[in-house]
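Here's a solo chain for you in structure tokens, the form predicted on its own.
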């Protein structure tokens, strides 16, 4: 452990470097170091506090008194997240000023309350039927192939298309919507340079134009229906209703949480399924453990490489460390989810373990709004995969795995080869 004269615990790249290829391939040695001596520590190069303790990360995620999700509250907030003249605002700017990441807490609570009917079990059951057809088509296209590449043939194809089906995007606009999905999370990342952020923002603008037109179309309907967009258009609490940009910001939130992250869920789930034969047998015997299997795939697979982002609203203390107003605090959920204080023998995949109190989809008022959709599509994919390829295995026992070493925040698997063994 390194401490300054003031008692501040500090990290450097020799202990934790999210861009290091060795860390991306195998993060567990780094996590062991963090758990042993750096539950809360300041990384000078990254200008952020990293919280690797599960208990403290969960506390930070729930702490709305001292921590904000608004990037505007960061001492190094990018200038193009600030106020612009109305005539200069792009679709991204209008989404951003209405989004769950920027609005004050009272408006955040109101927005989520109005949106809840669109995420009801009834709506999700209807959406599941549409997604099942999509999942079946993905596997129909694979057909009787001897080998599957899980990222390009499964993981990358299902998430954005599933959300497009949920939202009700016309088929002719699905490509535009998928472009929005791939770049939304990137455009909001504080880890990018200004030039990278500007480029990502430019790439999302056609998607916002398309959503604007679609919401206007639903507004004009005498009965917009009981689907996802219909519920949002009709949502009312007294005199309060959702504006067009409130709705677009909610769709954007679902895209960030449900599309980008779900790519990793699919590849991690397939690697876990085929890399743990005894667990695969247990899942076949007890399909009701499917949700627990997905949670364990995310926990043990550690998809993130640098954590979520929060910004200090005032000076306060966390885990014995003094956080200063304006500093970035990263509840490092990937590290926290393998904290041995919370999960005994954390590197072992065990879907029977308790996931009570997990922070896999966040915690507190910012709990992931799209978590149910991610789990629905993950379960559909795993069930269909097991039905079609019961004897599948990883090529060479590892899947000849490779990663995207330049992704802004994910340990994204970009190659996972699977032998189907159907011939």
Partner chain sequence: MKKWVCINCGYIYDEAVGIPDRGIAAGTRFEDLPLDWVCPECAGEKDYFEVMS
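Residue numbers count along the first chain shown, from 1. The model shown is predicted, which means the values in this text are computed figures rather than measured ones.
Form predicted in complex with the partner chain: not shown, discussed below.
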Quick one: does residue 220 come within 4.5 Å of the partner chain in the predicted complex, counting heavy atoms only? no
Mark residue 376 yes when one of its heavy atoms lies within 4.5 Å of a heavy atom of the partner chain in the predicted complex, and no otherwise. no
Tell me, yes or no, whether residue 363 is in contact with the partner chain in the predicted complex, where a contact means a heavy atom of each within 4.5 Å. yes
In the predicted complex, is there a heavy atom of the partner chain that lies within 4.5 Å of any heavy atom of residue 62, even though the partner is absent here? yes
Thinking of 141, 156 and 403 as one candidate spot, does the partner chain come within 4.5 Å of a heavy atom in every one of them in the predicted complex? no
Of 175, 213, 116, 240, the only residue with a heavy atom within 4.5 Å of the partner chain in the predicted complex is 116
Given that the partner chain is left out here, which of 129, 281, 109, 199 has a heavy atom within 4.5 Å of it in the predicted complex? 109
The stretch from 22 to 30, 36 to 44, 62 to 70, 380 to 388 that lies within 4.5 Å of the partner chain in the predicted complex, judged by heavy atoms, is 62 to 70
With the partner left out here, which residues of 344 to 360 have a non-hydrogen atom within 4.5 Å of the partner chain in the predicted complex? 356
